[in-house]
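Quick heads-up: the structure tokens below are two forms of one chain, split into structure 1 and structure 2.
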Structure 1
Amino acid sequence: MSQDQLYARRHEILTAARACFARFGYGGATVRRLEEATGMSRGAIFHHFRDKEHLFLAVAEDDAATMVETVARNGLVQVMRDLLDRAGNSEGDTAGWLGTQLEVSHRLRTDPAFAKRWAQRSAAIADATRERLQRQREAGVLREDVPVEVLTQFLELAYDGLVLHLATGRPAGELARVLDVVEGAVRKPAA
């Protein structure tokens, strides 16, 4: 297989595995279920990923990398807006993405080894958020009466709440307007 074909196969596996982990959780996403979800044999799956643990970590890392890129360019509120748009458009990967986020949260609480490995990915998202906020402050659009670290934690809390809200199947309702409030809370008040 060419490098492009290998990359495409890896992407197919990640997409199908994301949905499987979201539907069944880490424990319930057995190798047989992963085979069914991907339409590939265990040999084909584990040619790309050492084992189920590494496959799950790759799914979560892929999601985290996408978040870091968006945060660096447009901020964490944009990540929330994108998530809300995807949920509203009923894109197939939204449920998988949300489920992966919840599974990461669960494993952070129950698996110390996973938590240790995940700390670096989590820190990258927080660092990108902090750096974006600092650039916004230097540009004069971020409020100055609250430390950047507090604003970072505020946005992370809003993000976690949005993920939980959508992952539990609750309707979006006025969440777009709620995100306007969140964004307004970190901006410098109009003079």
Structure 2
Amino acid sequence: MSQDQLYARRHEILTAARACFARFGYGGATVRRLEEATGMSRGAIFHHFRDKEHLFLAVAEDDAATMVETVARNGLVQVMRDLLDRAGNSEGDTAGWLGTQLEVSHRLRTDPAFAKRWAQRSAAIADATRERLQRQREAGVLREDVPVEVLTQFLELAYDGLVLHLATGRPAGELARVLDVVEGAVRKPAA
């Protein structure tokens, strides 16, 4: 296979595996179900990813890479708005996928190699958020009475809250307006 074909195959597996993890959870996404979801044999799947844990981490890292791009361009609040929209449209079983991430971060928190890759993923998102806030501070649109680091962690707190809310299948309620409050809390007040 060419590099492009390898990449395309890898991407196909990740997309199908993501849906399978979202639907069945980590434990429920058996190798048999991963074969059905991807339409590939276990041999083909594990040619690309060492084992189920590495496959799961690759899906999560793919997600995180997309998030980092959105954060750099439009900020973490926009990532939250997109997540809320997708959950409302039941798109890609957003709640299921978030729930599986929570399940796994709990289950594998005692595994140091996993914990390290998981932490790198979160750190990349935090870095992108911090850099964007720093640029906004320089542009004069950010409040100035609170350090950028505190505002970064404030946005992360809101993101974690949204993840937990959606992962536990609770209704969206007024969350769209809540995100307006979150966004307003980091901005400079209108003169």
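Only the largest set of C-alpha atoms that superpose within 1.5 Å between the two forms is called the rigid core. FYI, numbering is relative to structure 1, first residue = 1. Treat the numbers as computed from the prediction; the structure is a model and nothing was measured.
- Annotation: structure 2 represents the form predicted in complex with another copy of the chain, while structure 1 represents the other form.
- A movement of the C-alpha atom of F46 falling short of 2 angstroms is seen between structure 1 and structure 2 when the two forms are aligned on their rigid core.
- With the core held fixed, C20 shows a CA shift of 2 Å or greater between structure 1 and structure 2.
- We note a C-alpha movement of 3.5 Å at L6 between structure 1 and structure 2, with the rigid core held in register.
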